[in-house]
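Take a look at this single chain, the form predicted on its own, given in structure tokens.
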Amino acid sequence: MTVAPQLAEPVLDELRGVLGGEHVLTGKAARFNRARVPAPFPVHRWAERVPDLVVLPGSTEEVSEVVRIANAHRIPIVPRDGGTGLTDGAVPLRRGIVVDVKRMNGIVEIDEVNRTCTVGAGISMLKLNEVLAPYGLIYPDDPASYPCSLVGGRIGTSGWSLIGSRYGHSRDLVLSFDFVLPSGKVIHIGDGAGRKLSKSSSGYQLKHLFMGHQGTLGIATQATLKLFPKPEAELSPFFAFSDYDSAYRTVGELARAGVATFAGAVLFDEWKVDYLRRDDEAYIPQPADVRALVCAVAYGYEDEVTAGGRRFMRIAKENGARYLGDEVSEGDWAARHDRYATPLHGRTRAGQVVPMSWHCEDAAVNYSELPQVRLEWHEIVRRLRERFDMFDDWGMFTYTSANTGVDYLTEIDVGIWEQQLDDEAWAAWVQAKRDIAEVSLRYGGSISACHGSCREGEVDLVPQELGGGYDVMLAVKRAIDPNNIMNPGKYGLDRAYDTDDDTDGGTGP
């Protein structure tokens, strides 16, 4: 085994003393399995991202000890939860130690009176909701990766939920959490002195500072979450349109209609419809003149969902929609999580079917800017396909982010024939990502609404999006992690240490 010089045998012995030898993994398979995320990366460069070792702590105290040892020896450390993010937040760029929290998957408490639960960071939303079901409760954080993404990763990315218009997103649903700082110190982050308050005016609002930390400020180990009554009914009508403009208008009207049970709406543009037609894995039977699709979703009690559904139908039909029927509607909504893990293929410019991996760019864009952003994004991918055969345009989804319809998570999906990526094609893809991010900013949007912005390309524009706030971000990073051990290389935060007065010698928190 080749390891960083700091990871000599005495350090491994320290870690084994804390965790037990079976939870300190140095084998090639364990390390390679934690080097990857679903987003494509050139195969010939995979070895660049392999950690030196993997540890599997079982408690907050063990995480604290691991981080303390890493900080003492200046060893890079990267937290990994489900590893389902698409922007490399869980990928080690400087080798070192990957802290895999999947053993920390217990349920500490279910509080039926206050409707909260406290869980380990390593539990998935699927598993949690299986346990909550007999209580008639639900934790409604619903990403596409629902079965395999973990609570700790949702905190690390400040994730986005498919039904966030009804219940809120991760940042709204997480009440508080325990967090291990780069020194090994454990703090509790949230409103008030306890774990279960949703509003406090005491001090800075640190919860939002540490949501979306991408592992650069520490490791979340345990969280207290909001719970809701398990919906008695759900409705997911699926509408077909002969043009994009009608579908776009419908989504806006659905989001602004004020229906209390409205949980979200999804707009498929004509590129996405074309992809669904030619991809055997995702085919939805529909007439050839369909150019765009809209799925609306409502959760709640039977009588209120029925009433809201009638309004959905009226709005859609007034805009020229055709209802695709209960079987297609219910089936497609039920399959919304399956698409994340479905094996994928795409087509070269010549139409050849080849194995392709999936990458998406997930900006936040105001409703009024969606049509033009959509056209400019597709043009960027078209130019890329003109030069390289290993890319395919899989179209765009737009998802409502809030119940007022102000902004949307806007996603363009690109198939990439990963095995064919050479350095030239990869450089062109990185530039395309940068161009896509630039369009988002030019139209007043954000580079990301879901996965963060750690990947080559769009990460270059984070300082531009944050403006003076980025300088504050650098100062926070340097103050909390003076030795830059936490997920170094992400968000361009290395520049926090490019100063001449870095003399605090690692005496941070």
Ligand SMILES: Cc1cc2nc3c(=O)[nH]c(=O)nc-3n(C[C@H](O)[C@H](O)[C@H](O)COP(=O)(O)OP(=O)(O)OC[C@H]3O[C@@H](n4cnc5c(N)ncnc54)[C@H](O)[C@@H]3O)c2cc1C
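Residue indices: 1-based, along the sequence shown. This one's a predicted model, so the numbers in the text were calculated from it and none came from an experiment.
There is another form of the same protein, the form predicted together with this ligand; it is not shown, and what comes next is about it.
Chemist: Does any heavy atom of residue 56 come within 4.5 Å of a heavy atom of this ligand in the model of the complex?
Modeler: No, residue 56 stays farther than 4.5 Å from this ligand in the model of the complex.
Chemist: Is residue 358 a contact residue for this ligand in the model of the complex, using a 4.5 Å heavy atom cut-off?
Modeler: Yes.
Chemist: Give a yes/no on whether residue 38 approaches this ligand to within 4.5 Å in the model of the complex, heavy atoms considered.
Modeler: Flag for residue 38 set to yes.
Chemist: Residue-level question: is residue 156 within 4.5 Å of this ligand in the model of the complex, judged on heavy atoms?
Modeler: Yes, residue 156 is a contact residue.
Chemist: Within 4.5 Å of this ligand in the model of the complex, heavy atoms considered, which of 121, 263, 414, 437?
Modeler: The residue in contact is 121.
Chemist: Please tell me which of 321, 138, 86, 75 lies within 4.5 Å of this ligand in the model of the complex, judged by heavy atoms.
Modeler: Of the candidates 321, 138, 86, 75, 86 is the one lying within 4.5 Å of this ligand in the model of the complex.
Chemist: Looking at heavy atoms inside 4.5 Å, which stretch does this ligand contact in the model of the complex, given the options 145 to 153, 286 to 294, 347 to 355, 425 to 433?
Modeler: One stretch meets the cut-off, namely 145 to 153.
Chemist: So which residues in 363 to 385, when you check this ligand in the model of the complex, have a heavy atom no farther than 4.5 Å from it?
Modeler: Heavy-atom contacts within 4.5 Å come from no residue here.
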